[in-house]
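Given next, in structure tokens, is a single chain: the form predicted on its own.
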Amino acid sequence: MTGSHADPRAVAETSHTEAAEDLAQIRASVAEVLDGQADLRRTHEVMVGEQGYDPLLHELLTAELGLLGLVVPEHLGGLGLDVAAATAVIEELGARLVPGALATSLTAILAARALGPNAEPLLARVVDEQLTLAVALAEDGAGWDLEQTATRATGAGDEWALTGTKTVVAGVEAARVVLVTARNPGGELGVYAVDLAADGVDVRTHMTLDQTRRLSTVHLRGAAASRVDAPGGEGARVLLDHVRAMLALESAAAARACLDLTVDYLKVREQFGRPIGSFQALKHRCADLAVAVAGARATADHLVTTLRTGAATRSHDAALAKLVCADTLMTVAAEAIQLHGGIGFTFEHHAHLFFKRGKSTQLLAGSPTAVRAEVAALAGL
């Protein structure tokens, strides 16, 4: 680790009464590292590379800064920090569209924390082995509808074997373990951990619209697994809610970053001898975007509070936040392209990275139409 930023492990040792300051320091520390190692120009380079993520940056954030252990309970070797610490890191990664598995890992860890004692061996491995995680929920024909999950789990106790195919799995290229939803012989839906290097696991990564987030298909043919949620619980639902939370937090931060990028351009691009940002029509368009970004920010902040308090509205709030924040990112990114002068569709410009991330996020963890229907149902409408 370089520079003068604080080590989150040292921050964790301070008084609980300084929680807000601690959180600000963690966010600043991560931002400092990312500003030096992971700007959008670097994202362009990494996303077209063979690995699809930056191993050196991954090592810096995990092994040296210890971010994987941020919210893992102290008795399992982690720092035991509040949910907000992990969500702050997810936002910093999302603002810069950083490729890799760190955001999905933190998401899986947050979900595992909520799954109970069966997840503790996995959380201990996260710290001991610097384990990065992916999440596999969707299936062909079923999409993200948990009720239609067809992947089968056979076995009992600590020894299970999974058979099935999971689609649109993010972060696999940098992950070592994937959390998979599957049904046991009794038809019960559960969450299982599968080592990606195990026999019976085959991963195929696809070329997709948003290359900052590579998506893969994971084939399981009797792959060894361990169950990480409690029988009779709602582990699969917890996992889906946290994935949606991650997408919402990332999108809110990315929308803010995309708007900042655009405003900076409008301040320096001149026409008729004056910055184009001084024209009233463009000010109004940016003001509308700022209002939308503030709305997404408020929705994301409310979701973080829900996750921290374990409120019963978690599923509703996560679905709504994902819907609002992804739509906001799409709106801001589309406007950014126009405000930059209607640049053509290209990989080269940063605004297009945000546009593609926004479109892919709208479709992940449920299409806008499906999620709207779900939010309405959860609200009793």
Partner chain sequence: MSDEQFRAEIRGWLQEALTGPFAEAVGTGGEGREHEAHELRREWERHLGRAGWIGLSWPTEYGGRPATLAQQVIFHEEYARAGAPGRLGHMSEQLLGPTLLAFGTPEQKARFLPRITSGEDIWCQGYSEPGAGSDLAGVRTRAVRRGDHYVITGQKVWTSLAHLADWCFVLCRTDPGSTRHAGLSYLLVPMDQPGVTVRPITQLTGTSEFNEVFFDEAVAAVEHRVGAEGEGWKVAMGTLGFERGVSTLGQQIGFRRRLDAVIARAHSNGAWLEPALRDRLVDAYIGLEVMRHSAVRLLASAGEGLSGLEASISKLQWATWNRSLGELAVDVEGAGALLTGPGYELDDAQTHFLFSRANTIYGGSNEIQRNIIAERLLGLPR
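Predicted, not measured: the structure shown is a model, and the values here were computed from it. Residue numbers count along the first chain shown, from 1.
What comes next is about the form predicted together with its partner chain, which is not displayed.
Find the only residue in 263, 127, 110, 215 having a heavy atom within 4.5 Å of its partner chain in the model of the complex. After the contact test, the surviving option is 263.
Considering 291, 207, 156, 197, which brings a non-hydrogen atom within 4.5 Å of its partner chain in the model of the complex? Result of the distance check: 291.
Looking at its partner chain in the model of the complex, do all three of 37, 44 and 63 come within 4.5 Å of it through at least one heavy atom? Spot residues vs its partner chain: no contact at all.
With the partner left out of view, is residue 163 within 4.5 angstroms of its partner chain in the model of the complex by any non-hydrogen atom? Residue 163: no, not in contact with its partner chain in the model of the complex.
Might residue 26 be said to contact its partner chain in the model of the complex, defining contact as any heavy atom within 4.5 Å? No, residue 26 stays farther than 4.5 Å from its partner chain in the model of the complex.
Taking any heavy atom pair closer than or equal to 4.5 Å as contact, tell me whether residue 318 reaches its partner chain in the model of the complex. Outside the cut-off, so no.
Residue-level contact is defined here as any heavy atom of the residue lying within 4.5 Å of its partner chain in the model of the complex; does residue 259 satisfy this criterion? Taking the distances in the model of the complex, the answer for residue 259 is yes, it comes within 4.5 Å of its partner chain.
Which of 66-74, 318-326, 48-56, 351-359 lines the interface with its partner chain in the model of the complex (heavy atom within 4.5 Å): Residues of 318-326 come within 4.5 Å of the partner.
If you look in the model of the complex, which residues in 284-302 sit within 4.5 Å of its partner chain (heavy atoms)? Going through 284-302 in order - heavy atoms within 4.5 Å of its partner chain in the model of the complex - the hits are 284, 286, 287, 288, 290, 291, 294, 295, 297, 298, 299, 301, 302.
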